[in-house]
Every structure is written in structure tokens, then in C-alpha cells.
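In C-alpha cells, the next block holds one chain alone, the form predicted alone.
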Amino acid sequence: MSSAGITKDSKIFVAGHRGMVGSAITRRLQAGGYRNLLLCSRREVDLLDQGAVRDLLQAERPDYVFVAAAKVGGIQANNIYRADFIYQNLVIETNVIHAAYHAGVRDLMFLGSSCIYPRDCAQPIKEAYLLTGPLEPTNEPYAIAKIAGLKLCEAFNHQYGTRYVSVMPTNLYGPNDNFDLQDSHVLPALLRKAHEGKQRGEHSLTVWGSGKPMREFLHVDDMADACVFLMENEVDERLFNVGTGTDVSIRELAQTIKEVVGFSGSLEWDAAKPDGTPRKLLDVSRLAARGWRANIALRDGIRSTYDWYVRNGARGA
């Protein structure tokens, strides 16, 4: 396997380049002058098909791989489609990571999720807290799949000397997010509900849960910047949290969205719906020590995401 550093001519495969995270990584790479990107749609290569993934990577032999493809969703989708979430994510990650190794790929980045950490672990959450307690039940299948991908990378590193790095982002949002009210995350769902409520002249906006849980939100362009930063600096640590290091309550988030959208009605809380994990704030000191920090403030990020949503229509509607 080659150990040469990444150059602007290196072939870089972004698995899942049409998703929110993958598209942001692609934009960041293109802006950084990387000229040789391998981008394949699901129609061209189904990442659930082991043979198709193997054939692609054997033929293309990329220098670096970003595993950004995943089946994702909010609390409701995670809880209802539990088999789909664990199966599809396990298959995608194992297909890509295994095929990458056999295609001679030494450097790879696996994108996970902060839901891998125990539901009730100490805050802020350090990378060392992994597997120290029970997971949040509503998204346990997805979390287990992501833990398996992380451990698969670790195992290849241990056995074969690869440099497969895992990054665990906090709650992401931004362009190309999923705004479907049935299976989206809280921020895009609230943006859409506030926008449609404003259009219809409604007097109230109903929000799931109590509003008390604390959440950290990271703009996907910051996430992409962190990923490319780690790639370019050829890190040797195996796991990095990626976040802002600050959090807000869901109630504060809803109020900010209400103001950005210009919805004049009141907020109402449906306490019969689940809150999920009480708090989930990442300790981002390991990445900060390397020299990277998030730059996009939450209100600014929400405003730009809302502008994107208005320009591009209701994706997922």
C-alpha cells in the first residue's frame, strides 16, 4: 500500500456524495483544488451490492476514501425502521471499508455519529466514553451499526497497518438536508414547519417533546472542512469528535428558527412525544489541539440553510 501524502491530483472517492455530508465534502474538496474526485450515484453503483463496490474500487484504485454514505433519519425514523437502519448501515460500511483495503487504499475516513456514545454519559462527551454505558434506545440500531464501522476501521488498522480514521460529528444541518417531516432531524423539521406555518398564517407551531433536551448543532460545511483538514494533516489518532463545543436547548433552537423564518405565532410543546437523550455535547478538544475549530455560528447557519431551503423548494415534501 502506498504511504504517499495526498496531493491535488490524488484520486479521492466520496461514497455518498449526493447526501448532505458527502455533498459538503465534495464542495470543500473542489474548492480546495482537488481535481480527481471519484463520484458515483446509487444508479451507477449500489453500495449495498458487495460485488459492485469491489469492482468499482478494484478498477479505480483511489488514494483516499470518505465513507459518507449512510441511511439516516430523526428519532421517529430511527425508532420505526430499526431493521433497515442497522442492516443498511452495516452493509454499506463493511462493503466500502473491506473493498477499499483490498484495492490498496491505505487512507480512509469513516463518518459516524455522536449517537454512538452512551445515553447518560458525562458531559461534554470524550472519545474515551465509547462503550461505557447503555445507548439511547430510540436510535440504538443505527448507533450499533456506526460503532461496528468504527471498530472495523480499528481492526484493519491493527491487523494491516492502515490509517483508517473515524470522525463522530454532532447534530448536522445545512444544504441538502432532509426536510421530510416523517423522518428528518429536529432542525430541518422545525425549519420546514415554521416556513409552512408562516405561509398558511398559522397562530402556533407544535414542537415534539418538552423543549428541555440540550443539543449541539454543527453546520455541514464546517464538518466538511474538518474532514478535509484531517485528511490533509494525515492524522494518526483513530477517533475524533467534530462539533462546536457549545449547545442549546430545543426550546432555544425553536425560538431562533421562529425568528429567522419570521413566523409570528406561538410555540407549543407536545410532551407526549419523546425527547431522546437529555444532553449530547461533544468534547472537541482533541481536534482543537490539532488546530481546527468550527467557524459558522448557529444563527448564521440556520439563516443560510433557510435561504437554501427557500431557493431549492421543499426537498422531501
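Position 1 is the first residue in the sequence shown; the rest follow in order. This structure is a prediction, so every number in the text was calculated from the model and none was measured.
From this point on, the text means the form predicted in complex with ligand GDP, which you will not see here.
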* Structure fact -> Answer key, ligand GDP contact in the predicted complex at 4.5 Å (heavy atoms) among 141, 174, 74, 149: the residue is 74
* Asked: With ligand GDP left out of view, which of 189, 167, 116, 105 would have a heavy atom within 4.5 Å of it in the predicted complex?
  -> 189
* Asked: 193, 207 and 275: each with a heavy atom within 4.5 Å of ligand GDP in the predicted complex?
  -> yes
* So in the predicted complex, does any heavy atom of residue 184 sit within 4.5 Å of ligand GDP? -> yes
* Asked: Is there a non-hydrogen atom of residue 250 within 4.5 angstroms of a non-hydrogen atom of ligand GDP in the predicted complex?
  -> yes
* Any non-hydrogen atom of residue 219 within 4.5 angstroms of ligand GDP in the predicted complex -> no
* To do: Indicate whether residue 28 is a 4.5 Å heavy atom neighbour of ligand GDP in the predicted complex.
  => no
* Asked: Out of the stretches listed (275-283, 34-42, 50-58, 64-72), which one is close to ligand GDP in the predicted complex, meaning heavy atoms within 4.5 Å?
  -> 275-283
* To do: Heavy atoms within 4.5 Å of ligand GDP in the predicted complex is the criterion; list the residues of 51-65 that meet it.
  => none
